[in-house]
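What follows is a single chain, given as structure tokens, in the form predicted on its own.
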Amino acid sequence: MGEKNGRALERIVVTGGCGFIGSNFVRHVVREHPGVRVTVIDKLTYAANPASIADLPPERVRLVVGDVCDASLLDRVLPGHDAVIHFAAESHNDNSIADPGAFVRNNVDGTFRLLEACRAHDVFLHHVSTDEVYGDLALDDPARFSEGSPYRPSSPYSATKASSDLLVRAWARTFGVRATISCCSNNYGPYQNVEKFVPRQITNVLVGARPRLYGSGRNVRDWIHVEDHCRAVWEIATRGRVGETYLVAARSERSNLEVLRLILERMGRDADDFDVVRDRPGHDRRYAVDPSKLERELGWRPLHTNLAEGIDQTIAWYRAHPSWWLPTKRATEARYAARGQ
């Protein structure tokens, strides 16, 4: 159930619930909120894995295979639910450069269809976005983005997420759709597709390959464990002020080079045992957002504050679950190789 004086959530829809953050959120809800039943909508693209939620009790979690762009599907599924937690999105920057059209369809049109369904059926919406909508900061800039910072997306991915955020804000103001937005920093943890930075490096080591680093590796990200992000989303969905945006981060800034060397160290490899590959076009320099509003209004704090311990837990998970990631590893590396990365 929702927190006292907040929104009571008994039946929720989670879009993209077989993806990385979505599946972790479903698992969090099942574990921490026993009165809540979850309907997952996921079209099971390459980045989704139904095995991520397959062990959850069927009386608590139902999977509907489908597309959030399908208005008739949404009209069938949403009635009777208290809220939609909207994770579904194309999210890999490299793929957005290679095929931006898919990102426009899924991230922009998909959010539009979902907003229209929430409006028609009076269902609350929490929209999960990214810190990348704000663009990047100089490496020597001490500032962090706030909720009021202007949007300056750099990639097709972040541009489509910014567009979807603006749709949510417009539907909330014009049509009275009850909605909140969260923008989170870089996540790491279990069930993350091996195309992403942290699991790619970990699984390369596990299969005996050398990790790969884009360019100089000086690009800085604020790393947050996915469990802390899931806790934040629940707090915002149940107690956040309607119409508001909240930034989620752990204040754990590290360069890609630092994170890679930490992974190598924790896996018993030499700190320079990696290859440098061609950098991504338009690679943002530094992301940093200020979570003070979330901390002040909702009392949220990250529990995973030691990055080395979090990386150890993540390494242990991938080491223990090769059947989850090995089937997609070869194809993922083939796509990177074709791009010279």
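Everything numeric in this text was worked out from a predicted model, so none of it was measured. The first residue of the sequence shown is number 1, and the count goes up from there.
Another form, the form predicted in complex with a small molecule, is not on view; read the next lines as being about it.
Visitor: Check for me: heavy atom within 4.5 Å of the small molecule in the predicted complex, for each of Gly189, Pro190 and Met267, yes or no.
Guide: No: no residue has a heavy atom within 4.5 Å of the partner.
Visitor: Contact with the small molecule in the predicted complex for Asn106, defined as at least one heavy atom pair within 4.5 Å: yes or no?
Guide: Within the cut-off, so yes.
Visitor: Do Leu44 and the small molecule share at least one heavy atom pair within 4.5 Å in the predicted complex?
Guide: Close contact exists here: in the predicted complex, Leu44 approaches the small molecule to within 4.5 Å, heavy atoms only.
Visitor: Tyr157 near the small molecule in the predicted complex, any heavy atom under 4.5 Å?
Guide: Although the small molecule is absent here, Tyr157 would touch it in the predicted complex, with heavy atoms inside 4.5 Å.
Visitor: Please check if Cys18 has a heavy atom lying within 4.5 Å of any heavy atom of the small molecule in the predicted complex.
Guide: Yes.
Visitor: Mind telling me which stretch in 144 to 152, 179 to 187, 237 to 245, 75 to 83 gets its heavy atoms within 4.5 Å of the small molecule in the predicted complex?
Guide: Careful reading of the contacts points to 179 to 187.
Visitor: Find the only residue in Asp67, Asp290, Asp312, Glu297 having a heavy atom within 4.5 Å of the small molecule in the predicted complex.
Guide: Spelling it out, the residue with a heavy atom inside the cut-off is Asp67.
Visitor: Identify, from the list Arg231, His121, Arg169, Lys196, the residue with a heavy atom within 4.5 Å of the small molecule in the predicted complex.
Guide: Selected option: Lys196.
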